[in-house]
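Single chain ahead, written as structure tokens, the form predicted alone.
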Amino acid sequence: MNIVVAMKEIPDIQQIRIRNRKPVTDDVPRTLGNIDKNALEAAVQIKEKTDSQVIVVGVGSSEVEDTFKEALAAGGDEARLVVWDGELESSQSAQLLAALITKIDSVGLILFGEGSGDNYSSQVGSRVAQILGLPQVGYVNRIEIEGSTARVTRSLEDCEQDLEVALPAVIMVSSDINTARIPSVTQILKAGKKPKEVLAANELGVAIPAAQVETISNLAPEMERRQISVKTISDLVKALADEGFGGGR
């Protein structure tokens, strides 16, 4: 069985600057989203218990091959990637990923993080499931494979739900399903020798639909600082009391 893990190349959130309430991503390195790494870890753990291969797929910039070396170092056996320089919204990403997945034989399980590390729209996994005509389960924090069935636990707002789903299926995992492993130096060096296929979008033979969602703005929240100067503990206590945080008895 092949386990496909869809991962997204995003700007390194820790290095994004804010200017005039807008994110500045110029010269920010690309990385993989944290919940995507949880999905990869879940796939690797299943591989360690079954006769499976882990294939990571993704769509990204011209640097996508370098970005996905981290996924191969962390346990992916091979990568299938599509180069797309420009913005894509969820419906477009789903079309490209679904077309990429159809080129992979013997797919038994397709894993996504429950949301990407940048937009967190939580749409792509469901859209891919719909395109491929496969069952889907979201917010999963446990996966066990038994033959042609996956037993999963999904975390809802007020309870946990145990389900069985026939394979192949699409499963979106939550961040608490595991702790993603950190590749060793040896694994990082070996990752460069693992199989990779990098395609241009037009090589998939699929028409990219017009964007269905338009991002009008992406602004950081406004923060107002009172800029009250305090020099002593007494000044601090008075300032807090003036703001209603005196905690008097």
Partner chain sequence: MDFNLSKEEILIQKMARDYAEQAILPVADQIEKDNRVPDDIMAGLAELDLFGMTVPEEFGGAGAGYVPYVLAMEQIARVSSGPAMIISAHNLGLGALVNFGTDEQKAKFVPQAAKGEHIASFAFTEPGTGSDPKQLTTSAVRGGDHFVLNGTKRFITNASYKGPLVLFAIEAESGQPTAFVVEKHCPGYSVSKPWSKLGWHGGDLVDIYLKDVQVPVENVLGKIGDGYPILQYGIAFGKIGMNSVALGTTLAAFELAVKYAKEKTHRGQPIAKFQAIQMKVAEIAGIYESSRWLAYRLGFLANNTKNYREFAKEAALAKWVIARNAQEATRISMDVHGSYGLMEDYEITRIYRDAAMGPQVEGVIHMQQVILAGDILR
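Each form is matched to the other, and the largest set of C-alpha atoms that superpose within 1.5 Å is called the rigid core. Just so it is clear, the structure is predicted and the values come from calculations on it, not from any experiment. Residue numbers count along the first chain shown, from 1.
Beyond the structure shown, there is the form predicted together with its partner chain, which is absent from this document and is the topic of what follows.
Proximity to its partner chain in the predicted bound form holds for all of T67, I182 and L189, with the criterion being a heavy atom within 4.5 Å. Within this chain, R30 lines the site of its partner chain in the predicted bound form, having a heavy atom no more than 4.5 Å away. Heavy atoms within 4.5 Å of its partner chain in the predicted bound form are found in exactly one of 122-130, 67-75, 151-159, 98-106, that being 67-75. If you take 3-24 and check each residue for a heavy atom within 4.5 Å of its partner chain in the predicted bound form, you get nothing at all. Superposition of the core reveals a Cα shift of 2 Å or more for S229 between this form and the one not shown.
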